[in-house]
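Starting off, we have a lone chain in the form predicted alone, written out as structure tokens.
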Amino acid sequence: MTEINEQEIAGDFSMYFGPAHPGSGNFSIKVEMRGERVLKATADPGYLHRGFEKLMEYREPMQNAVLSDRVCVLEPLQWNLVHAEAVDYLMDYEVPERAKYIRVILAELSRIQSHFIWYAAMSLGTGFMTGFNIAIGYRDYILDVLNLITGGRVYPAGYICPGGVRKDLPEKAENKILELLPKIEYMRKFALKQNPAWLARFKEIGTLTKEEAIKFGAVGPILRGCGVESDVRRDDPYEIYDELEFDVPVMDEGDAYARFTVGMQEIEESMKIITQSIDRLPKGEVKTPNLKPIVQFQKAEGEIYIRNELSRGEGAFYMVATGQKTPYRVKIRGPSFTHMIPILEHLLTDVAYADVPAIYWSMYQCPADVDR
């Protein structure tokens, strides 16, 4: 019998991962295959383009506060915050201390629920439905509190706005947040349990070295999962972060499991930040007195680049004011663009096709941020 050459039989072919299941729903990867091995991957974004940068150049600051929710639906309050800080600088606003504390509390709650979504997506993408259902269920507890405070479960309608926040915390909101923390800790510990199937799917998969992470420009949990201790909240503090005590979790392995573990450890640090902020929450106003953003923005001239530590890493706004009622130029720098194009394409080279979902979801992407 003639010996069969399996490589010749398999041949080379291409196929898509996404934009439908098992992808994110609005981001696709074209993979070149040989048998069950991925030879090359090419990112194909653009399914969700909304043009926020240009839209913001035709709208006033308070209108853009609401638009900033949509930059990434998974972490809207954090995008509220970095946009508000850019406008605060250009308008020379002195944000009240109470508003700064409230901003930080809500940004950290937003970070935690976003990390729960990350765990849910990784679970769903690799067939662990129990993890998905539990994470989404526990995220709902957080959304209930956000709804109480902002009036919106998912979209807070620009609650963190130029000059402070739209309204003060409702009665007993602090107690409800503190009552929420044990539930968050339970969910965090559940996610970190040593599930053999979870370890098999993520450990030593999609490994990114420290040198590669730095070269590609990785940020957030992706960078910290490679052993780089970098966090804007500590390295370039904003709001009240320089007054708070928290650690920056780091792991050296650089694989999918390390990235996920760093994210779960960050939840513990966020709870520390929330507890300290509530304990120190001062009395007073929650927005700049005599807030007149339209009039004042017409007097604003200059440019600013503001960066924050979002759930997925460093995010930033570049804004130019030229004495008009709307910004002359807005440029948004999100973490997902770098993670989902050059880094993901690099990691999806010579890997088993069965590992694509684990690597893909471990990158903690937000396609909405890519198509801003």
Partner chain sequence: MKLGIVIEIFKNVFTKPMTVLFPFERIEIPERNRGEHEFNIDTCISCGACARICPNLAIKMIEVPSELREKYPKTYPQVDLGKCCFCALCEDICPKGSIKLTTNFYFATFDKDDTILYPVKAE
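Residue numbers count along the first chain shown, from 1. What you see is a predicted model; the values in this text were computed from it and never measured.
Beyond what is shown, the protein has a form predicted in complex with the partner chain; the following relates to that form.
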If we test each of Tyr238, Tyr93, Tyr155, Phe246 for a heavy atom within 4.5 Å of the partner chain in the model of the complex, the one that passes is Tyr155
Checking Pro282, Pro170, Pro182, Gly127 against the partner chain in the model of the complex, the residue with a non-hydrogen atom inside 4.5 angstroms turns out to be Pro170
Heavy atoms within 4.5 Å of the partner chain in the model of the complex: does Lys40 have any? no
The partner chain contact at Gly137 in the model of the complex, heavy atom, 4.5 Å: yes
Is there any non-hydrogen atom of Val228 lying within 4.5 Å of the partner chain in the model of the complex? no
Would Ala316 show up as a contact with the partner chain in the model of the complex if we use heavy atoms at 4.5 Å? no
Interface segment, criterion being heavy atoms within 4.5 Å of the partner chain in the model of the complex, picked from 211 to 219, 156 to 164, 257 to 265, 116 to 124: 156 to 164
Listed by sequence position, which residues of 137 to 153 have a non-hydrogen atom within 4.5 angstroms of the partner chain in the model of the complex? Gly137, Tyr138, Tyr141, Asn147, Leu148, Ile149, Thr150, Gly151, Gly152
